[in-house]
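The data below hold one chain only, encoded as C-alpha cells and taken in the form predicted alone.
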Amino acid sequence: MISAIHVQDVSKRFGRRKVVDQVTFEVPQGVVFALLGENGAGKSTLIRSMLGYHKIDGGHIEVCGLDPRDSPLEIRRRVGYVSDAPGLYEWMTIAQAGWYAAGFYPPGFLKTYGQLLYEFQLPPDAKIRDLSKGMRAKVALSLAMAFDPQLLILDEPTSGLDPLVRRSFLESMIDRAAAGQTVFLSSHQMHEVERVADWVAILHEGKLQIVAPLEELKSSVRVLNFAMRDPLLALPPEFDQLDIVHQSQAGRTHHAIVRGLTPAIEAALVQHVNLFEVKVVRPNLEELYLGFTQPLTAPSQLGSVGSSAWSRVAGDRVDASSSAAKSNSSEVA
C-alpha cells in the first residue's frame, strides 16, 4: 500500500531541547489519521517538519512521495494545511482572501470556496480583522479544502468552532476518507477524534508511544480493575503473563491497562482467592491515551506487585515508540 506520509526516525531539537525524538510511523492513503498529544508534545513541530517549515535534525520524511527538504513548495501545493494559528491578511475581506489564494491553485478553486463559505455561514464581505476566532478557523478551513487536496493536514482544526459546526466538519472528514482522500489531524480532543479516526498515534514528550488502527487498539487493550483481600500477598502468577501498559494502586484497589488478557487469564483472576471485584472493561480513547502517557507507578509504591512485571512494563514503555511503529509500518507496506 502506498503511504500518504512516511516518517522514519525523525528527530528535531530547539537548542538543547529535543522536541521530536526518533519518531517513526506511516499514514496509509484514504484514512483519517489522528496524532494525539498534550500541548508541547511535539505535534505542531512534527507537522511543520512534514511541510518543510522546520529542518529536521535526523531521519527522513516523505509527504505525497516528496521530501520536504527538497520540495517544500510542491508539497504545500498538494496539501491542504490549517495550522493551530492560521495566518490571514487582516485587511482583506473573506472573499478577497479566496481571490488571492485562487492564483496558486487550478481553476474551480473560487467556486468550491464560495460553496464552503455558504456551508460555514461566512459573510464574504466581512473583514478578516473583524472575525472571531471561530470564524477565522472556518475561513482557514475553507481555503485549505477549496482546491480539493488529496491530503489534508489539520493542526487542532476544531479549535474555536461551535459544537454543531465542529460535528459537521468532523463528519465531512469521514466522507473525504471514504472517497479516497487522506486526513491527518492533530488534536487533544479525545471524544472528537474517537468518532472519526481510523488510525491513532500518541505522542508524549516528543516520543511516539503507540501507532495503530483505532479499532484494533481498542479491541486488544483492556482496563482491569480489582481489589485485594490481603494487599501484602503477591499478585497471582497470571498477572505476569500480561503486557501492562499502565498500572497504579490506591490502597487495596489496583488499576491496570493491559494487553494479552485471554479468557483463561481473566477466569483465573476472577477465581483467585485473594482478589475480589474483578472488572474488565473495553477502554475508550481517553482511557487509552491516559494509559500510554501517564507515568508508571514503581514497585515500591505498589506493595506486592512482582518486580518481574515491573521490569517488563518499564522496558516496554521505553521501547514503545520503535516497537509500535515498526510493527504497524509493516502492515502498511
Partner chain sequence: MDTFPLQRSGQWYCLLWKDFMQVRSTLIAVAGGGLAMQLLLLVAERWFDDVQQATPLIAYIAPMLFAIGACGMLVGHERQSGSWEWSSSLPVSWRSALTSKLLITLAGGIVTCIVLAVIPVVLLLPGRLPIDKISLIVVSMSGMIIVALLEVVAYFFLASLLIRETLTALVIAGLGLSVAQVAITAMSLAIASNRLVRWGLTPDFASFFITFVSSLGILAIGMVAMLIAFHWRWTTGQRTVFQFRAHTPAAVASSTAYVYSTIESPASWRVLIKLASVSSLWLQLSAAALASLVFFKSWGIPLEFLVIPSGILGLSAFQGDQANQRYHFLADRGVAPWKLVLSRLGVASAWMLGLWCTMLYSPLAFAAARWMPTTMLCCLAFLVSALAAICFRKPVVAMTVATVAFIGALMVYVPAVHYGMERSRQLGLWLDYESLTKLAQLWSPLAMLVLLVVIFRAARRWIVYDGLHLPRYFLVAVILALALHIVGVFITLYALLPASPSIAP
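Here the structure is a predicted model, which means the values were calculated and not measured. Positions refer to the first chain, counted from 1.
This next part talks about the form predicted together with its partner chain, which is not shown.
*Asks:* Quick one: of Ala102, Leu235, Leu242, Ala212, which gets a non-hydrogen atom within 4.5 angstroms of its partner chain in the predicted bound form?
*Replies:* Selected residue: Ala102.
*Asks:* Here the chain is shown alone; which of Val223, Leu117, Val196, Met145 has a heavy atom within 4.5 Å of its partner chain in the predicted bound form?
*Replies:* The residue from Val223, Leu117, Val196, Met145 that makes the contact is Leu117.
*Asks:* Taking Gly52, Met92 and Pro107 together, does each of them reach its partner chain in the predicted bound form with some heavy atom inside 4.5 Å?
*Replies:* So, yes: the whole triplet contacts its partner chain.
*Asks:* Select, from the options 276-284, 260-268, 52-60, 24-32, the stretch whose residues sit within 4.5 angstroms of its partner chain in the predicted bound form by heavy atom distance.
*Replies:* Among the candidates, contact is made by 52-60.
*Asks:* Is Phe184 close enough to its partner chain in the predicted bound form to count, meaning some heavy atom within 4.5 Å?
*Replies:* Although its partner chain is absent here, Phe184 would stay clear of it in the predicted bound form, with no heavy atoms inside 4.5 Å.
*Asks:* Is Gly87 one of the residues lying within 4.5 Å of its partner chain in the predicted bound form, judged by heavy atom distances?
*Replies:* Taking the distances in the predicted bound form, the answer for Gly87 is yes, it comes within 4.5 Å of its partner chain.
*Asks:* Answer with yes or no whether His272 is in contact with its partner chain in the predicted bound form, where contact means some heavy atom within 4.5 Å.
*Replies:* It does not: once its partner chain is placed as it appears in the predicted bound form, His272 has no heavy atom within 4.5 Å of it.
*Asks:* Looking in the predicted bound form, any heavy atom of Ala126 within 4.5 Å of its partner chain?
*Replies:* Contact check for Ala126: no, nothing within 4.5 Å of its partner chain in the predicted bound form.
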